[in-house]
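Take a look at this single chain, the form predicted on its own, given in structure tokens.
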């Protein structure tokens, strides 16, 4: 009889027992991207049967408005005959399918010029994306990394992508900053603790560390810098505009923002590694600062509610309601409201746009 394959939790316990505590970044990376049992490698996380719902799944209007926004950006670029329409972390393909349907109706020239590029590592989600976009007429390609996409005029969409990138965490102690680690209790359960070595790398620590009290936690996302650098490289050779939509804060600050979601409920991020979606809030101030250092034009951050209302969410909602049944109308109204209500997604979610220098300001900035 074949021996059962060790679970991810068992393999992590074995690693910690042999090698010592691992960083929060390494723990998150294993939970989300382990080739055999990582969360995104093994399951379809979206929708009612998954663990969470994103904006494109809440209302078709979200993707439609981003499609129309892309057409405006394409025109600002001089309406090139061919361009890459990139989506990073495209989920089930719902956003892109809605965006392309809107382009077909309102901006067919933009659709004809588009070559769709999905950046996706999950096999289950790639299958969902192929199904969602099966009627799309323009070419579609899949890549593991943005770097693999050919250079050329580009519009990049990243909805709830940054929040899933792993973070390093640092804890302020009486003798300085220590990297937060994941280790084991005497009972073999996962737990956090400050590492034994102090951290002095000023690229990840605050400019005024003395102002923070003992116990303060800082988060640093290592994968953001190479992503922005790659966007900046492409933006120097060809017109490029990238839009990031995510939940987070604009003021900087401290705090542990790791959260785990399973079956549409929050759960302990250290329980059952690989079984829940792990994310952290996005530091938009850090994104903005680094993008400017790389020579990119930065627009925003702007609240998602303001962005969608400025693009015409209310008008589109009214058009959909004109042909809707009573049951459909309730779903249309509740979905649109959820996207823009400050008490729901409207204020927590932000929009940040990065662009090549000298391009016209994108709507609605």
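Residue numbers count along the first chain shown, from 1. Remember, it's a predicted structure, so these values are computed and weren't measured experimentally.
Note that the form predicted in complex with a small molecule isn't included here; everything after this is about it.
- Under a 4.5 angstroms non-hydrogen atom cutoff, the small molecule in the model of the complex lacks residue 190 among its neighbouring residues.
- Proximity of residue 120 to the small molecule in the model of the complex: non-hydrogen atoms within 4.5 Å are present.
- Although the partner is absent from this view, residue 164 contacts the small molecule in the model of the complex, with a non-hydrogen atom inside 4.5 angstroms.
- The shortest heavy atom separation between residue 269 and the small molecule in the model of the complex exceeds 4.5 Å.
- Of the residues 125, 224, 216, 258, just one reaches the small molecule in the model of the complex with a heavy atom at 4.5 Å or closer; this is 125.
- A heavy atom within 4.5 Å of the small molecule in the model of the complex is found for exactly one of 280, 241, 169, 159: 159.
- Just one listed stretch, out of 178-186, 105-113, 81-89, 282-290, contacts the small molecule in the model of the complex at the 4.5 Å heavy atom level, and that stretch is 81-89.
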